[in-house]
Structure formats: structure tokens, C-alpha cells
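Single chain ahead, written as C-alpha cells, the form predicted on its own.
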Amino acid sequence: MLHIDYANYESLRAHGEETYPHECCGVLLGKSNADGNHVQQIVRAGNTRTDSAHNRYNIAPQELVKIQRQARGLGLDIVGFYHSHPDHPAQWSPTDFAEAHWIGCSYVITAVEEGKAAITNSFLLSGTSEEDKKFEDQPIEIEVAEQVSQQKGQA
């Protein structure tokens, strides 16, 4: 399961709307344990794909190393990645699969339809190597802060 708080969930979806009609991308920082990946922070990344930014993304290696160092400084790990699919379903593509290499990480995709975030799905990259890797559908648990819940209860 992917555990993410409401603010981070909404932020990654908003990122897709902001970059529409191009794909957005970013990194999920947090911790992993037996019940899944727990996102504590998201980091927006630049999409370096200038040839096909509407249907491809790439995070520059230098930026990824910087984000990984930032995570370590916070006592966190990279637990996943996210990107958007402008006017395309929130389903991984053959290119998404071919370019996924972080086993145990969550790959979150948000469909952005005509500029508005629609469905968001997560896929866990499982296996032990490139040869046997596979994507598994991964449920998303959106954690709502207690104060937000209390405010809604008072409304």
C-alpha cells in the first residue's frame, strides 16, 4: 500500500495540472515497512524531455542525486516517483515500465484530462532484478490530518 497525506497527494496532482499539456514528474520521500511505502514529502523535479514532454518524462541524474542527498539529510529514503499522463489514462505504459528501475518503489501516475487532474493510480515495482521486475497495482491510502477531519466535522 502507498500511504500519503492529503496535502502531498493534492500537491502532486496540482503539479500535473500546472505542467499540462506536458508531463510533470517528481520524487516521493519517506520510509518503507511491511505495510508499504509511507510518503512524508514530495519533491518536484524538472522534466528534461524536450523532444516528447507531452508523453515522456525524465529526471536528470544530477537532480536525482541531489534529491537523494536531500532525503538522506532528512533521514528519509526515496520510496517512489510520480508523473502525469496528459489526456491519457493513469496506467503505466511500456515506456514507463522499461524506464522503471527502483525495485520496491511506488510509481504514481495521475491522468490529467483537459488540464484537470482525474484518476491517480499507484504501481509497485516488484521483483529482484531487471529480468523479473513487474508492476503490481498498489492501493493508495490518503491520510487526512486530524485537524482537517475536525474542521469538516464542524462544518
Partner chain sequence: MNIHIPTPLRTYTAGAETVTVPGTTVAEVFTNLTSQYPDLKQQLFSNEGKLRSFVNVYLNDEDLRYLPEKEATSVAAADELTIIPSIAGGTDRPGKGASRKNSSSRNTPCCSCCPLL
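Residue numbers count along the first chain shown, from 1. Just so we're clear, the structure is a prediction, and the values are computed from it rather than from any experiment.
One more form of this protein exists, namely the form predicted in complex with the partner chain; it is left out here, but the text below deals with it.
For the chain shown alone, Pro21 is a contact residue for the partner chain in the predicted complex, at least one non-hydrogen atom being within 4.5 angstroms. Residue contact with the partner chain in the predicted complex: Thr95 places a heavy atom within 4.5 Å of it. Under a 4.5 angstroms non-hydrogen atom cutoff, the partner chain in the predicted complex lacks Lys116 among its neighbouring residues.
Taking the partner from the other structure, the partner chain in the predicted complex has no heavy atom within 4.5 Å of any heavy atom of Asn121. Heavy atoms of no residue among Arg44, Lys134 and Glu143 are located within 4.5 Å of the partner chain in the predicted complex. Annotation for 40 to 69: interface residues with the partner chain in the predicted complex are His54, Asn55, Arg56, Tyr57, Asn58, Ile59, Pro61, Gln62, Leu64, Val65, Gln68, Arg69 [heavy atom within 4.5 Å].
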